[in-house]
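We begin with a single chain expressed as structure tokens, specifically the form predicted on its own.
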């Protein structure tokens, strides 16, 4: 890591004084994502309260007056991200503490943004509050699922979401309805913005808890049959194009099993790349480009990443 400038050191000192924030410098990120890839974070913070999160974004905004402020990113389960080999600058946050709470109120369920979505689905099903079962196999936190409008087996977050609390750049706390998010296929207006989801409220329906839990087990069994297991990966690499499947198109191009360094396009599912032998982010990106170019040339279809390309990887993808 480079030596911090006086302004960066000042920001770091102010952040370290915030109650509810635990800050580490130069923490390797490979252990914080399911690809097991990525260099260190300039600053990695575990934030435990909404007040602390608001103060963090206020401090970052103040530090950025007259210059570009350090980028703030949230890293949940790390199940849908590719992190550069050189790591990430700025501040990477993980939501814990009160962001891991779940509360029930009639047919409504409130969940902090740090709650794993599969855990929330199982807890609601066990309470006989139905609706989230199809999302029980989606490896995301509640916050990440809201940002991308996660979906699985015909159910999307937008179908159940009532509202979400967010913290905007500068620290302002606001409440957004599902319509405010303008949700689409694997997308909302929050993507690419510095706004951070703090919690979400979902509507559920009363039903049979035993049957709901059985459905979760069956859907998870089905998921395990179709996706590769045994090597680090992040599930689907590309969004499905309208009316088709990215995996089918990549398979038709004969790319199953193609390798680059320690990364491989899965032999079981062509829309999954696995880290089979110490892959780098550049290895994965090379395979992504190969799939994109082959599908574009053969079918005239432009594949869009579903995996979130962080840091400098976004520019390298389009270069």
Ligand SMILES: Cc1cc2nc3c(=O)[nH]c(=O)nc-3n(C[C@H](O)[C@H](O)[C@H](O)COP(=O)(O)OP(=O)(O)OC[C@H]3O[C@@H](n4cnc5c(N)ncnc54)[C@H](O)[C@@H]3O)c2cc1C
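Residue numbers count along the first chain shown, from 1. Because the structure is a prediction, the values reported are computed rather than measured.
Below: the form predicted in complex with this ligand, not depicted.
For residue 238, no non-hydrogen atom is located within 4.5 Å of this ligand in the model of the complex, even though that partner is not displayed.
Under a 4.5 angstroms non-hydrogen atom cutoff, this ligand in the model of the complex lacks residue 215 among its neighbouring residues.
In the model of the complex, residue 89 stays away from this ligand, with no heavy atom inside 4.5 Å.
Although the partner is absent here, residue 18 sits far enough away that none of its heavy atoms falls within 4.5 Å of this ligand in the model of the complex. Judged by heavy atoms within 4.5 Å of this ligand in the model of the complex, the contact stretch among the candidates 239-247, 169-177, 134-142, 201-209 is 134-142. This chain lacks the partner; the member of 130, 148, 161, 219 within 4.5 angstroms of this ligand in the model of the complex by a non-hydrogen atom is 148.
In terms of contact with this ligand in the model of the complex, the residue from 111, 81, 181, 125 that brings a heavy atom within 4.5 Å is 81. Taking this ligand as positioned in the model of the complex, the residues of 281-311 that bring a heavy atom within 4.5 Å of it are, in sequence order, 306, 308.
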